[in-house]
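The form predicted on its own is given below as one chain in structure tokens.
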Amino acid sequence: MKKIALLITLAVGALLILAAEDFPRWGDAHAPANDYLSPYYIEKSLEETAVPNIVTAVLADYRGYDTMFETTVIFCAGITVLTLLRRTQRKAPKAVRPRPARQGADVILQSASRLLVPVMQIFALYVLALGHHSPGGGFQAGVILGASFILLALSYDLKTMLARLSENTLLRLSALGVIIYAGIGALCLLLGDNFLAYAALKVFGFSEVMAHSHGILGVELGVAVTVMAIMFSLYVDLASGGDLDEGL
């Protein structure tokens, strides 16, 4: 079996090396991306999307399908880790020496986290909203939100955090983010336009350009929700080995 896997790996590697010959040369000023795509994005993105941040306009509008499937990949990664690590039928636990209660340092850490976490979460919302105008957006906001929950889990303990944000809630939130993204695309279809063609949202009283801007904000919100839920879910499963018990 290992020999077959090695042969397949070598064959795929050879195909990739051969295909690389068809790519434009590194730094070629006349590559198709430099001749057609990049100038168009630079000149037209603000005019067509009302989003000054070109990166956000490209990711959520011109390459909206690609970003939606990137979000789906993140969701699938979280579900895969959960499937591999989560134990539905538990064996009898091994006898372990109970961990002594920690005092002193925890008070400082918990007090600091109570001050930091609200600031982190507000900043995450700021990064999400400001992604239209400067570096930021759904992926970055989701990571900051997820990190705030991980900080709480580290400051207190995993059980305390899961009592507030359970495994089932994390799964629902991770799916909800993908549903928000795909749902906006489906709404565009129902309004008679193409999937993720945000111009269809102008029926809600926006101009066509502002419909693009608000549609992009909606899908970025979906990205942030999925990234946040999957990031914290990965920590929960990896830190506890799938037991959702002690953690780090």
Partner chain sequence: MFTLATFIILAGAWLLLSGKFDAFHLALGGISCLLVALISQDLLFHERKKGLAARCGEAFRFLPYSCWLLYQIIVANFHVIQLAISPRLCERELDPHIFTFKTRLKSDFAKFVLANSITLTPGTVTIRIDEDVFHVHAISRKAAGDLETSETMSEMERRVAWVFEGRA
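Predicted model, so just to flag it, every value in this text is computed and none were measured. Residue numbers count along the first chain shown, from 1.
Beyond what is shown, the protein has a form predicted together with the partner chain; the following relates to that form.
Although the partner is absent here, residue 217 sits close enough that one of its heavy atoms falls within 4.5 Å of the partner chain in the predicted bound form. Residue 115 belongs to the set of residues with a heavy atom inside 4.5 Å of the partner chain in the predicted bound form. Looking at residue 111, you'd find a heavy atom of it within 4.5 angstroms of the partner chain in the predicted bound form. Contact annotation for residue 163: none of its heavy atoms lies within 4.5 Å of the partner chain in the predicted bound form.
The three marked residues, 107, 125 and 152, each reach the partner chain in the predicted bound form, with a heavy atom inside 4.5 Å.
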